[in-house]
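Just one chain is shown here, as structure tokens, and it is the form predicted alone.
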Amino acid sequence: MKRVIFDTDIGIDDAMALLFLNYAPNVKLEAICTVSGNASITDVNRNALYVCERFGIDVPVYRGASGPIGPALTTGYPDFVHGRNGLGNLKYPKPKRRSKSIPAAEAMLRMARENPGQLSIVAVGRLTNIAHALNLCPELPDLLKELVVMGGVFMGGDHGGNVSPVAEANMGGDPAAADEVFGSGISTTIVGLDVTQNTIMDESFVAKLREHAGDAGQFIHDITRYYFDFYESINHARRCPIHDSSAVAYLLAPKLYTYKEGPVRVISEGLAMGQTILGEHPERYAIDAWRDRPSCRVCVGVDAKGVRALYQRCLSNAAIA
């Protein structure tokens, strides 16, 4: 059984990942922590509460960081991708639920202390909350089972960044936090654009969900209208990467991925701000930037067909929930 804290800047693909976790077997979702990114902290927090309320996800929601811990590559919110509210401008009633009063970083730390070695964090937004938790308790890496991050790009094949030639949005949004987290010693797997951009969904994928996943499928159809419009405007096709759900797929079925290992640095200034760089052989380099840093797993290959099939299987449980 995977016991999971979901750390999210809940936009369209984040909502899909949350439903993936909710309907996956052998997963116990323990909490949701929100962080600004795809929309403001107010909007993403409200989105999380709404999705939980609509789909009966009975876990606490903790409001997290409203901004990065240091300089960032990106400013504002990508409303051209996720809509003004982060959910494709979906209109929904104000949630009756409320988030908890304790900040997300403190909640993470408290849960980790109460459940040492038991909790996995799936982080699909900026890593600001986790960096704050590390600053409160540097021993946090010893208390967590694992961290799976959707973010970064390691320039494999033809893949580059989506907010600069070398930077992915979650890393560009708080590079200092990401560098701190990757150097902390938490057992970390990074699922970046090198694999998510090879894992594509299209209208037929969403249509199948709409047919077989009940209200969850209808919800995914509704929020992806805006998402597909954006991707069609840049790629001339109604198809897009499966970003955040890829981190959940790794958590559930790591055999669908291949990876390399080594210390990872995130550039926090200059033209390359937000770039993630794997140093597989730190002992060979003329600089010490990667030396004495813990290793991370960096996904470099994916069984994309297997990921799509896993998502469809899990979401089919929504029809009988």
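Computed from a predicted model, the values in this text were never measured in an experiment. A residue's number is simply how far along the shown sequence it sits, counting from 1.
Quick note: we don't show the form predicted together with beta-D-ribofuranose, though the next part is all about it.
Residue heavy atoms within 4.5 Å of beta-D-ribofuranose in the model of the complex occur in exactly one stretch of 108-116, 94-102, 164-172, 202-210, and that stretch is 164-172. In the model of the complex, every residue of the candidate spot (D9, N38 and V124) has a heavy atom lying within 4.5 Å of beta-D-ribofuranose.
With a 4.5 Å cutoff on heavy atoms, I190 does not count as touching beta-D-ribofuranose in the model of the complex; it lies far away. beta-D-ribofuranose in the model of the complex comes within 4.5 Å of a heavy atom belonging to M150.
Contact annotation for 1-36: residues with any non-hydrogen atom within 4.5 angstroms of beta-D-ribofuranose in the model of the complex are D9, D13, D14, listed in sequence order.
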